[in-house]
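This document starts with one chain, in the form predicted alone, laid out as structure tokens.
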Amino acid sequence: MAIGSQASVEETTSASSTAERLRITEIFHSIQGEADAIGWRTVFVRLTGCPLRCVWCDTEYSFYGGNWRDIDDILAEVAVHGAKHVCVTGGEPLAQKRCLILLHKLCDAGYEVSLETSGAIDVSSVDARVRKVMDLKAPDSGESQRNLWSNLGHLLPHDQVKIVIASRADYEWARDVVAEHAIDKRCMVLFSPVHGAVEPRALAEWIIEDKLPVRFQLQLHKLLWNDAPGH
């Protein structure tokens, strides 16, 4: 083979390899703490980076750093744990465009795949087999202006919308948004209190009083491990 041809092959191989990599903060085996897969043994793939800075964020350590990993290597590590459920999370996983490749390959491998996304990035290209758990940012998050409302049109019945609530004002905003957009007719809606900001009992009572078509949830992993990384 001519030297020029060899160089061309190497460049193509390098480009292909780069196209199949993601920056990863951690991969760990734990119990799913929220959404409709709560309680299931799950492998979490946490991607690095997020364009948002929510006031109550509990995964700031994922904003920076991380390590580049080949997607096939990620799948190999996921397989070691023998779990049926895989959750791709962040940070904001869709901030890395190649996350879509990972989601597709996980689905092809037969996993029950969920994606935790901020709702600030377009979800229209996410594999339809993936269960999207999409946040809507309430005002007290400091990022409500980042909600990409067009994403609501791409929700499927197996998806979920999560609203994290830090105050009574957040609750009233969330209640009105759900009604205005009929989100409960599209998919499951989850209301979750910010740990230490809203008493879970208070939020539960507000939901009951207003007869809302939403599901109250507490984050099980906080009760079990108190936000320890790797859990």
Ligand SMILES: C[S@@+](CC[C@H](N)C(=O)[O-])C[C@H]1O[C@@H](n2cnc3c(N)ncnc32)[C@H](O)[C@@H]1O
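Quick caveat: nothing in here was measured; it's all calculated off a predicted structure. For every residue, the number given is its place in the sequence shown, counted from 1.
Below, we refer to the form predicted together with this ligand, which is not included among the displayed structures.
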- Query: Of 149-157, 77-85, 133-141, 102-110, which is the one stretch near this ligand in the model of the complex, taking non-hydrogen atoms within 4.5 angstroms as near?
  - Reply: 133-141
- Contact between Q96 and this ligand in the model of the complex at 4.5 Å, heavy atoms? no
- Item | is_contact(K162, this ligand) in the model of the complex, heavy atom dist at most 4.5 Å | yes
- Query: Could you tell me if V177 has a non-hydrogen atom within 4.5 Å of this ligand in the model of the complex?
  - Reply: no
- Using the partner position in the model of the complex, report whether C57 sits within 4.5 Å of this ligand, counting heavy atoms only. yes
- Item | Partner-contacting position among I27, L203, V194, V189 - heavy atom within 4.5 Å of this ligand in the model of the complex | V194
- Restricting to 84-123, the residues within 4.5 Å of this ligand in the model of the complex through any heavy atom are T89, G90, G91, E92, P93, E116, T117, S118
